[in-house]
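The chain below stands alone and is given in structure tokens; this is the form predicted alone.
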């Protein structure tokens, strides 16, 4: 069945690609927007708000059809189709962009941001604008960033208060060289694994722990198996809304500005929904008996990241971004 599904999905994507190219200059065709999150997820509600604003501000001339829940495939699949022009808009994680737009690596660096407020200042400001602009040579127009929360470690053994508490633990990570390097530097054993396999992995002892934000920790039910959540807040990487440059070029400068402003106006809507979701998830898992703890000294964790940064921050452009983002953190005191 999986093979048939994959074939059908590729056929559907190919069809969207053909429609996307054939639709150039056809304002009657709705724009296609992909998001892998489910319908009620804050990013989906964010893009729904953006689409609604665009439609209102163009008098119904520009409409958007949203495919949530990964209907069009994985982020890597849909991103390729977006660059080709078959999908007009796409909300994706930064990871699939890292291979061709190295500026997108910077917001994913461990312990770069000192707080959620710092992250938002940086991405709403000049550093964020430079990252969005860096996508244009690669066939994408960066429109805005959406929150993805602060990621922390959780495990089945006990509280993590110092890096020594991570030593030897098998920690599930995303299939990302950066995440693997981060966990290795902290003395744990990184275990790349799809998110859908983690619950059983925790129950069966294949992994001792994982790392994620409060909503994901709650919605995946990982808190039932790994009841120690340690607030390292090591990564605050955002998600991003992009538009195909081929689609973008179909529109007038006035319409392009409507897209940019609608995307910007959707960000506070998404963030308010995200903050509410974080608090609900936190309250639920704490009520279920999860033990949450702050770490003893965050510098003991962040100081270990120097070789990781040296490995992934290799260009002057990246170094300048890091410097500018860190400077914006001074407001946190």
Ligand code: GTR
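Residue numbers count along the first chain shown, from 1. If you superpose the two forms and keep the largest set of C-alpha atoms that fall within 1.5 Å, you have the rigid core. Here the structure is a predicted model, which is why all the values come from computation and not from measurement.
Another form, the form predicted together with this ligand, is not on view; read the next lines as being about it.
- Mapping the unseen interface onto this chain, residue 271 falls outside it, with no heavy atom inside 4.5 Å of this ligand in the predicted complex.
- For the chain shown alone, residue 36 is a contact residue for this ligand in the predicted complex, at least one non-hydrogen atom being within 4.5 angstroms.
- Residue contact check for residue 93: one or more of its heavy atoms lie within 4.5 Å of this ligand in the predicted complex.
- A residue is said to contact a partner when one of its heavy atoms sits within 4.5 Å of a partner heavy atom; residue 174 meets this definition for this ligand in the predicted complex.
- Only one listed stretch (80-88, 143-151, 255-263, 115-123) carries heavy atoms within 4.5 Å of this ligand in the predicted complex, and that stretch is 143-151.
- For the three residues 230, 290 and 293, a heavy atom within 4.5 Å of this ligand turns up in the predicted complex in no case.
- The partner is absent here, but in the predicted complex a heavy atom of 75, alone among 165, 75, 218, 103, sits within 4.5 Å of this ligand.
- Think of it this way: in the predicted complex, this ligand has a heavy atom of just one of 155, 108, 213, 134 within 4.5 Å, and the residue is 213.
- Interface residues of 239-272, taken as those with a heavy atom within 4.5 Å of this ligand in the predicted complex (partner not displayed), are limited to 239.
- Relative to the superposed core, residue 192 undergoes a Cα shift of 2 Å or more between this form and the one not shown.
- Once the rigid core is overlaid between this form and the one not shown, residue 229 counts among the residues whose Cα shifts by 2 Å or more.
- A movement of the C-alpha atom of residue 133 falling short of 2 angstroms is seen between this form and the one not shown when the two forms are aligned on their rigid core.
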